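Consider the single chain below, provided in structure tokens and representing the form predicted on its own.
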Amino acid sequence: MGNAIAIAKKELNIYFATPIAYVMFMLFVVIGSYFFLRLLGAYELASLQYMRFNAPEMANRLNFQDSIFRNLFGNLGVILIFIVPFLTMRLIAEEKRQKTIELLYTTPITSGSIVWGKYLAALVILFCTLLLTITYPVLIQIVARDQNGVEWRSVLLGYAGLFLMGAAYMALGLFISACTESQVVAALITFVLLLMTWIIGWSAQEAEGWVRELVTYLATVSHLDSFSRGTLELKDVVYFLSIITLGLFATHRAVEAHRWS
């Protein structure tokens, strides 16, 4: 485990010594803030309309979780599809291109330590990225200051769902990076793969029976939406953990195959 942590530290130094992390942070916050302000404006408009038509009971039914954060988490999930490929594309592909990975092979460091070290670094970047947006519910709570404030349990579950989805995306991106020496190719393939896991749910409306249930289960958006509603279900956790396990296992096999080729 010590070797994995050492590799993770090295990767984090590279992330923060180059513009990669800072650019991704900026893009995520800027685009996320745009969606947040749009959703907040729509919530305020709906509240004013209910009050104008003397329907205070309808206004009281409005809550930040359903009106703002449920949609916001979905939008942030889409942003991750565009950001994750750029965060994972260089993790192993760049090492292979520069032949520096051969230096790791000559040390007592195992392939598992290499994979875990790089994956842990990616998770730290993901955590920092999501942490920057925690200001959204904090600001709403400060402004609200009443019984209709932020439902923190639902918000935190939404962030947990985003983190698990991002972790699954990172595992898939890491595997693609281990299969090529080109960062551009790794980024493009990862983007297409992640996009497919999102839009596959659109075809569920055209299917019926067990096919519809299967397609819905394979779509990441359906599992993220469960977290966004403030519900914690075992099938959603198992789904994301299965992708993470599969991605890391495939990455380990790819690194092992390259090591002995």
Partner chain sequence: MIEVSHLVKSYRDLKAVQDISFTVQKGEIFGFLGPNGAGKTTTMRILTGVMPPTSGTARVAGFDVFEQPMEVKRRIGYLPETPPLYPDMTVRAYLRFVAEIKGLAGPARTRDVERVAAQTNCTAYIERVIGNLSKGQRQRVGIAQALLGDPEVLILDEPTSGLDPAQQREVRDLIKGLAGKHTIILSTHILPEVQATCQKVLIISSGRIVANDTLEGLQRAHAGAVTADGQPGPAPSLEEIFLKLTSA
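Positions refer to the first chain, counted from 1. Since we're looking at a predicted model, the values are computed, not measured.
Another form exists, predicted in complex with its partner chain; not displayed. Remarks below refer to it.
Which listed residue (250, 243, 14, 237) meets the criterion of a heavy atom within 4.5 Å of its partner chain in the predicted complex?
After the contact test, the surviving option is 14.
All of 141, 143 and 151 within 4.5 Å of its partner chain in the predicted complex, heavy atom check
Not a single residue of the candidate spot has a heavy atom within 4.5 Å of its partner chain in the predicted complex.
Only one of these stretches, 128 to 136, 153 to 161, 100 to 108, 173 to 181, has heavy atoms within 4.5 Å of its partner chain in the predicted complex; which one is it?
Of the stretches listed, the one contacting the partner is 100 to 108.
Contacts with its partner chain in the predicted complex, stretch 6 to 25 (heavy atom within 4.5 Å):
Residues within 4.5 Å: 6, 7, 9, 10, 13, 14, 17, 18.
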